[in-house]
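There is one chain below, alone, in C-alpha cells, taken in the form predicted on its own.
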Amino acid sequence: MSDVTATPASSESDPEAGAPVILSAKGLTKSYKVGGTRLEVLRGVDIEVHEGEILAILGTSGCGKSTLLHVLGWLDSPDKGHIQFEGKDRGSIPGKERARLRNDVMGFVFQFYHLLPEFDALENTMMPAMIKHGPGAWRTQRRASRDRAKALLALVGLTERMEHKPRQLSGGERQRVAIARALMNEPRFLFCDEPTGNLDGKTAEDVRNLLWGLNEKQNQTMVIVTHDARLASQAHRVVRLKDGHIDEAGGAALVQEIDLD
C-alpha cells in the first residue's frame, strides 16, 4: 500500500469548517415507474458540499443513496429541483458541455468497480484521459497520460500489478484501480458509492485509509454514500437519507452515538 494514509476525520475537528460551498442541491425529486405504480425515491432533497470535506450520506440499503449520488454527479437527472456546481446551474449547461465537465471534474468509485475486463490496470486507469482528449489529441497526450496513470497506480500501491487484468486482481486491488481511474483527470470531486461494501474488513480499512489520506494530503473533496455507520462516522460531516429526505440532525446524533460505544 502507498504512504497515503491518514487518521480518521471527525465532525469535531472538521478542517473545512467555513470552506466555500462548491456543490449544492435544492428540492431534488426522483421517481421510477415500477409495474403499474410510481416509486418515489427522492422527495425534496436539499444538500450542500463544501470544498475539501468528506461528506458521508448514510442510509439503509434501498433508501435511494445511489440514486442521490448519481443525480448529484450528473449521471442521472432529477425530476425536479436544482443542482449548482460553483454557482453554475446544471440545467443551464448544454448536454455535451455537461458531459465534458462530468468527466473532467468528477471522479466515480463504485462498489463493484466497473473495470473493463479486456484491459489491464494501467489501461483502465487511463480511460478518463482517453475520453477527455478524444482520438485527435490522444496521440500527443498518450505518453503524459500513461506517466500519470503509472504514478496513480504507484500511489495506490499497485506498481507491480499494472499489467494485470481485473480477473487477475483481488477485490481490494480492483477497488484501488477504480480509485486511481477516478483520480486520472484530477477531479474536484470524488463520488464514492459504497466503496468498501464489497470488501472484507482488513481490505475495507486499507481502502478507507487511502481515501482519507487523499483528502488529508490533496484536499480532495468527497461524497461517500454508505450503509456502514462506522465508516460514515469517520467523515467530516455525516447526513442521513431517510424517507427521501436529508436529515442532518439524524447524522449528527449517529456520530455521537457511535463515539460513545
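Quick note: we count residues from 1 along the sequence shown, nothing fancier. Rigid core here is just the name for the largest C-alpha set that superposes within 1.5 Å across the two forms. The shown structure was predicted, so the numbers you read here are calculated from the model rather than taken from an experiment.
The discussion below concerns the form predicted in complex with a small molecule, not included here.
Between the small molecule and the residues Thr60, Thr29, Asn198, Gln218, the one pair within 4.5 Å by heavy atoms in the predicted complex involves Thr60.
This chain appears without its partner; in the predicted complex, the one residue of Val41, Ala204, Leu55, Ile47 with a heavy atom within 4.5 Å of the small molecule is Val41. With the small molecule omitted here, the record of contacts in the predicted complex names 64 to 72 of 64 to 72, 47 to 55, 229 to 237, 205 to 213, defined by a heavy atom within 4.5 Å. Taken together, Val34, Gln111 and Glu194 are fully in contact with the small molecule in the predicted complex: each brings a heavy atom within 4.5 Å.
Annotation: Cα of Phe110 displaced by at least 2 Å between this form and the one not shown, core superposition.
Taking the rigid core as fixed, one finds a CA shift for Arg43 smaller than 2 Å between this form and the one not shown.
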